[in-house]
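This document opens with one chain alone, in structure tokens, the form predicted on its own.
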Amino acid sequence: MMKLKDEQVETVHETEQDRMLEEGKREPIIILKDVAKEYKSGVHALKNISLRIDKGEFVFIVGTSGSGKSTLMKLLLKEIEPTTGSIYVNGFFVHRIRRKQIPKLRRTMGVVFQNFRLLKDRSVYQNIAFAQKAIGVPAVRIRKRVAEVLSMVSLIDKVHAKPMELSGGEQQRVAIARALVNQPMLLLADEPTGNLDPANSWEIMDLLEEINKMGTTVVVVTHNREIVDAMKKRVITIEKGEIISDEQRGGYTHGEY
């Protein structure tokens, strides 16, 4: 077996991991195999979850509060460790990488949250540029890239505004621009419409769909039944830590959420 140097990303395929990656014809972005998470409190948040999301997919993850959705997101971001099982994201075997490799993993994905998480004392430009400054991108390239993503989310005229001067929908579009500025392979959106009215919610979902059409894999955790039913994307339903449904062009077909 090839031995990795400390500075290398752990992407070497071992026997079982080879098989996981080679199943199917599309390139995998996320693979979970027999993943379980038990917290110290004794709560079994996830129970032997196995799933695969391929490059270019748009996937909804739905379920009741406490079903395990948040735990799943934290595992993908390596904020917590699985109790058992293997996790592959964007070329990284997440359950095995060293601490110093975590920033490299996270740079391959963008994350959008329900409460926007913008820096209130910074302008729109500064909020987005921050993500590029953190990885040492030259100033001239930062200016160009920030203009590109602001144009993408139709906010180029708000470049100097502060977050509190924007509507909720505009703040979420800034958050999406920030998530996209480093050109991630994967966009994770955790309840992106949770604090928005219906009109703004649809604007955000239309934007996420356009981003997906441009090649970015999009995974959305949501409780919004209307959006899920209308968009007819792949829907993974989690209940009590287990996947109870995984349907292409699915909807809210299991239980009342």
Partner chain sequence: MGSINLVGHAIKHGIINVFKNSRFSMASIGTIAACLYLFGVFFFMLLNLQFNVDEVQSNVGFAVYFNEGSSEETIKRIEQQIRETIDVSDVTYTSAEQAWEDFKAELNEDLVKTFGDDNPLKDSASLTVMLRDVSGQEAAAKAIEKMEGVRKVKQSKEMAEVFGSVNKFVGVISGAIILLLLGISVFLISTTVSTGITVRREEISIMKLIGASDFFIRGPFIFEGILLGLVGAGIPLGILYFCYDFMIEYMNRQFSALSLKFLTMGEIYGKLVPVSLLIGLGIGLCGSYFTVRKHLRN
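This one's a predicted model, so the numbers in the text were calculated from it and none came from an experiment. Residue numbers count along the first chain shown, from 1.
The same protein has a further form, the form predicted together with its partner chain, not shown here; the description that follows concerns it.
*Asks:* In the predicted bound form, does Ala161 have a heavy atom within 4.5 Å of its partner chain?
*Replies:* Taking the distances in the predicted bound form, the answer for Ala161 is no, it never comes within 4.5 Å of its partner chain.
*Asks:* Report whether the minimum heavy atom distance between Lys133 and its partner chain in the predicted bound form is within 4.5 Å.
*Replies:* Heavy-atom contact with its partner chain at 4.5 Å: present for Lys133.
*Asks:* Check whether Glu165 has any heavy atom within 4.5 Å of a heavy atom of its partner chain in the predicted bound form, and answer yes or no.
*Replies:* Although its partner chain is absent here, Glu165 would stay clear of it in the predicted bound form, with no heavy atoms inside 4.5 Å.
*Asks:* Within 4.5 Å, heavy atoms only: does His95 come near its partner chain in the predicted bound form?
*Replies:* Residue-level check for His95: no, no contact with its partner chain.
*Asks:* Could you tell me if all three of Glu79, Leu119 and Arg122 have a heavy atom no more than 4.5 Å from its partner chain in the predicted bound form?
*Replies:* Checked in the predicted bound form: all three residues contact its partner chain.
*Asks:* Of these, 166 to 174, 102 to 110, 147 to 155, 86 to 94, which stretch puts a heavy atom within 4.5 angstroms of its partner chain in the predicted bound form?
*Replies:* Of the options given, it is 102 to 110.
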